[in-house]
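Just one chain follows, in the form predicted on its own, and it is written as structure tokens.
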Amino acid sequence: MINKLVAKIKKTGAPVVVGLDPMLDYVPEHILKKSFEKYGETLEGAGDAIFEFNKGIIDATYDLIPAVKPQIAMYEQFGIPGMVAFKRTVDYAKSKDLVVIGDVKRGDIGSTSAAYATAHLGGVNIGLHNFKGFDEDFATVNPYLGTDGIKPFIEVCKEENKGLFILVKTSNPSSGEFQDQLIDGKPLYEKVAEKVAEWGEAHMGDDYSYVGAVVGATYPEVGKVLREVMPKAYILVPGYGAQGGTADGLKPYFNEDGLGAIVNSSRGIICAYKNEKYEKFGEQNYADASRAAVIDMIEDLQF
């Protein structure tokens, strides 16, 4: 799947992933009204509205971008109907030939880790049949439990030709409380990066490993170091835009050929119609505002 992701980035010229992280107050009134008329002001109504909101954004942007990244917590808050909306979003994005990165941040050991991997990247056997659960192409994983937590994911990825993005250095302000702590003279995030490079050696695509890394856009000097530590790992970069990351600060995350990283934007795209810059589109045309925001982001990332 890393080969497909790289190929689509080359084709679109857009190292961009749209974060489909909807809150209910992001959804325009006309979509809410229609869903609530069908299902009432219920969890089912909320789940349907969220999917329809996502569908509009996917329809408006799928020809411009290589991938989307739904954040599962935004769906879990609506219970089972929210999870149905998550699955519908994954399936619809894949029907548009988008690569889907499931932002699930799972992390456990043994059979539990294997079950998480099966749920999001693999399939489960029931009788004579094999069924896919959520069936994303990539999943984000927390490495805090070490190799015991990562190995089951890698095994499923090998079977299914799928991939991982492992948290290395996150963009939130307090990440340094643990991630910056020195161990043998190196920050913990650099030690994690070394393990990502090691894990990735056993699961290579044509040019990059199926085991990638998450490195926040708010630490460009860290990004420069980690690019060297993980030369074959694709880097998923959150924190652009709303969290303060800038295009100029993202250059160290990329290789000289312009590959090696993909930059996420969530609110800046899915809530673009609320931004003064795009308010001319109005609520009814929220998806067109999202398209305009994607085009501007692509232009911004032309180094």
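Residues carry their position along the shown sequence, with the first being 1. Quick caveat, the model's predicted, so the values are computed rather than measured.
Just so it is clear, the following notes concern the form predicted together with a further copy of the same chain, a form of the same protein that is not shown.
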*Tell me the stretch among 113-121, 226-234, 91-99, 155-163 that has any heavy atom within 4.5 angstroms of a further copy of the same chain in the predicted bound form.*
113-121
*Examine residue 215 and determine whether its closest non-hydrogen atom to a further copy of the same chain in the predicted bound form is within 4.5 angstroms.*
no
*Is there a non-hydrogen atom of residue 197 within 4.5 angstroms of a non-hydrogen atom of a further copy of the same chain in the predicted bound form?*
no
*Should residue 207 be counted as a contact of a further copy of the same chain in the predicted bound form, where contact means heavy atoms within 4.5 Å?*
no
*Distance check, residue 138 to a further copy of the same chain in the predicted bound form, heavy atom within 4.5 Å*: no
*For the stretch 271-286, which residues lie within 4.5 Å of a further copy of the same chain in the predicted bound form by non-hydrogen atom distance?*
none
